[in-house]
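There is one chain below, alone, in structure tokens, taken in the form predicted alone.
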Amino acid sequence: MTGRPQSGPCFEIRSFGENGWMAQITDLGDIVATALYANAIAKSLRMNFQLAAGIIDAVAGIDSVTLRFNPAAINAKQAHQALADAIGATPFDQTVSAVKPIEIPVCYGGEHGPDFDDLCTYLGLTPAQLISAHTSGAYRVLTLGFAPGFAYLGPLDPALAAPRLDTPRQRVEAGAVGVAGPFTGVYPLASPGGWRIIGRTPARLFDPKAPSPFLFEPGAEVRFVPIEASAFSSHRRFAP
């Protein structure tokens, strides 16, 4: 099924496994607006449909929303309609309350950024130019995924766009700051990963004792602040 809400981009709904549907936004336009729209649709589904109603989960991507349903509670047609209704009822123009940007201190290069020098060569930038490009603007949390609490941040300066590593690392340390394609991101937990690691933050992005264990939420504004290697240990904390 394809369609367009009264105000918003075109979308296509197709099956996703045996008990799922995915709504793919087909005319992206502004990537931030599109991502906020996808997250708003998923949030609406999670808020308005409890497990008893047959909706197991709704997950937003940068340009998609995936709905999983319980076929013992609702059939595929009803789940499809629930997703279509949520799309139609969600305004495209999503806004996020203005809050203080999250500042993430980053030590670039050296032992903290194993791909930093190679990326400078690949992009034809000096170390100072790469750091300046990565820290000069504000990013938005477009969506969460890949690993718990991992935030896709964008838009990334096109001058920094680079493909993922040909061979992913088996372990990337918590706090690693990477770039991949049009995004940048921070690994909140140690995990495998194929992003190009240009630095690391000493800020703890995961606190299991906090009401919201992970720092990032869709729509939040993030800024990176360069720090010297000598200051790395003094910044260890759960970022505000």
Partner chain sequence: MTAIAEILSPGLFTSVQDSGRAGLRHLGVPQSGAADRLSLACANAALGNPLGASALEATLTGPTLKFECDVSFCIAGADMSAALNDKTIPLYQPIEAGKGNILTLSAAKIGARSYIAFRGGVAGENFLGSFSTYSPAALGGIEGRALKKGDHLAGAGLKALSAQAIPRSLRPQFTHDFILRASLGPDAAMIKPANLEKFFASAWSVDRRAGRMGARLTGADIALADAHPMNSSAVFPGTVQCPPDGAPFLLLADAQTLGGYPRIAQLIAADLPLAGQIRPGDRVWFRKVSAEAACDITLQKQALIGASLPAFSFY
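The term rigid core refers to the maximal set of C-alpha atoms that superpose within 1.5 Å between the two forms. All values derive from a computational prediction rather than experimental measurement. Residue numbers count along the first chain shown, from 1.
The next section is about a form of this same protein that is not shown, the form predicted together with its partner chain.
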query	finding
Contact flag, residue 174 vs its partner chain in the predicted bound form, heavy atom cut 4.5 Å	no
Contact of residue 146 with its partner chain in the predicted bound form (heavy atom, 4.5 Å)	yes
Its partner chain contact at residue 56 in the predicted bound form, heavy atom, 4.5 Å	yes
Contact flag, residue 181 vs its partner chain in the predicted bound form, heavy atom cut 4.5 Å	no
Listed residue (197, 45, 186, 60) with a non-hydrogen atom within 4.5 angstroms of its partner chain in the predicted bound form	60
Options 114-122, 127-135, 71-79, 100-108; stretch whose heavy atom lies within 4.5 Å of its partner chain in the predicted bound form	71-79
Its partner chain in the predicted bound form reached by all of 19, 22 and 190, non-hydrogen atom within 4.5 Å	yes
Residues within stretch 182-218 having a non-hydrogen atom within 4.5 Å of its partner chain in the predicted bound form	183, 189, 190, 191, 192, 206, 208, 209, 211, 213, 214
C-alpha of residue 210 off by 2 Å or more between the shown form and the other one on rigid core	yes
